[in-house]
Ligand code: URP
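Read the single chain below, which is given as structure tokens and is the form predicted alone.
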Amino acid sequence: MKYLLKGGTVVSGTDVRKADVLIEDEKIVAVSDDMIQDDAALIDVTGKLLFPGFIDAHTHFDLEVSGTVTADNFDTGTKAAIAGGTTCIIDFATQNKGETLQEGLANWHKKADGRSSCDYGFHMAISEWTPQVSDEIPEMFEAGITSFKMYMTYSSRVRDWEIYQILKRIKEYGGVAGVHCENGELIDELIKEQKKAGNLSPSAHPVSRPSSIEAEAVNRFLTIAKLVDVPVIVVHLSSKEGFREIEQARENGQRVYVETCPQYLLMDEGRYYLPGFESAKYVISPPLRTKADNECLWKALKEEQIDTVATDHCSFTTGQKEMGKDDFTKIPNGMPGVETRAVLMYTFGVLEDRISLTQMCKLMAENPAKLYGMYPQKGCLEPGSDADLVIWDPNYESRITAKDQLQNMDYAPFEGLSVKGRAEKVFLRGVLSVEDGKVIKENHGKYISRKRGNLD
């Protein structure tokens, strides 16, 4: 199928310009002024913004955790993603204890293949490090897995010497690792203190995971990375203290990439002191911080000191959250976000002059494509690139509500919030998949085998 998108404004990571876009089959054919193609289906996009398909490089679909399974699988989660303008996600294929990396990867292909409505790739989350697992690393690169995940907290955490060995091994092949930075041992102790004091409510969650816990782990992780001399990623950065550690490392010459999420920009710790059990909806890790932390992260985005904005979409219904009604440590950690990321960043970022249109494009499309080895196949609107394209209506006004969402959830974290803009139409590899904000083409997503990334 051939489409000519005429009269729109094309947004890239460097400029915003009036241009027509010609799509044929799965690819962008041309981007130029005043094109005429009599054999193409004409779509008038006057007054609309044309973005490359957004990429969410941090999702957790169909993940078994905390004695339950996330509410969104690859069916519901990717429909919500593409409805919001995200044409590619990178989920975490997780090696459970006792499994090989190949087994973890095979499990995630079974979950995703044939069920995804947007394209998808996988990071490999390493939970257990052995000589046998080390031997599997080159196999991951052959399978298109060039990025890895480690946790410094939870039962799946790896120890410092293991992080060192994993980074050394990944460096051999030009891969990159992202790490959840919180000091798990100190969290365990602070949790014991809260329980001893009789505080079993959600309000104990932020107290047991203060920003200093994140900052200490960021410092320790970057110390290890410096020994190995390898670039690394700090995922879902939440705090000013953590950011200061990253600034210091960069001043000392380290390459450190940073991801944050809309919840750490737009919510604060006041959500943990709501009536009843309402606060459980906001139990995530790292926790929500202060307004000062919000502003620090916005400033870092404006100054291009943060590289990507993802969601850490990890959804649990209110029923699942109630597993921790009598013990906050049993509340499954996580919240949804894959459907609302773009409209939140446009409304509260671009329209409030906290970021520009070009920065929104970089943070949500171009930079993740480069960092995770998909550029220029994805992340840009250039001849030869995949025809992943978001036709954005900048004037559409709505409210975020649970009843209108595709995420498999009975609540919306940003319930009732007025927003502006939407993904009116979305193309996935040349196929019109979203029309008038509704998903009209399901299960068209395919696995993306990724190359070694390079954001510099």
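Sequential numbering from 1, following the sequence displayed. Bear in mind that the values here come from a model prediction, so they are computed numbers and not experimental data.
Just so it is clear, the following notes concern the form predicted together with the ligand, a form of the same protein that is not shown.
Is it true that 377, 444 and 447, all three, sit within 4.5 Å of the ligand in the predicted bound form, judged by heavy atoms?
Result no, not one residue of the spot touches the ligand.
Looking at 288-296, 149-157, 118-126, 237-245, which lies within 4.5 angstroms of the ligand in the predicted bound form, counting heavy atoms?
Only one stretch passes the 4.5 Å heavy-atom test: 149-157.
Between the options 204, 381, 177, 284, which residue brings a heavy atom to within 4.5 Å of the ligand in the predicted bound form?
None of the other options qualify; the answer is 284.
Which residue among 312, 339, 386, 91 has a heavy atom within 4.5 angstroms of the ligand in the predicted bound form?
So the residue touching the ligand in the predicted bound form, by this definition, is 312.
Is there a heavy atom of residue 420 no more than 4.5 Å from a heavy atom of the ligand in the predicted bound form?
Although the ligand is absent here, residue 420 would stay clear of it in the predicted bound form, with no heavy atoms inside 4.5 Å.
If we define contact as a non-hydrogen atom of the residue within 4.5 angstroms of the partner, is residue 60 a contact of the ligand in the predicted bound form?
Residue 60: contacts the ligand in the predicted bound form.
At the 4.5 Å heavy atom threshold, is residue 347 in contact with the ligand in the predicted bound form?
No, residue 347 sits far enough from the ligand in the predicted bound form that none of its heavy atoms falls within 4.5 Å.
May I ask you to check whether residue 104 falls inside a 4.5 Å heavy atom distance of the ligand in the predicted bound form?
Output for residue 104 is no: heavy atoms all beyond 4.5 Å of the ligand.
Going by heavy atoms, what in 319-348 lies within 4.5 angstroms of the ligand in the predicted bound form?
333, 334, in sequence order.
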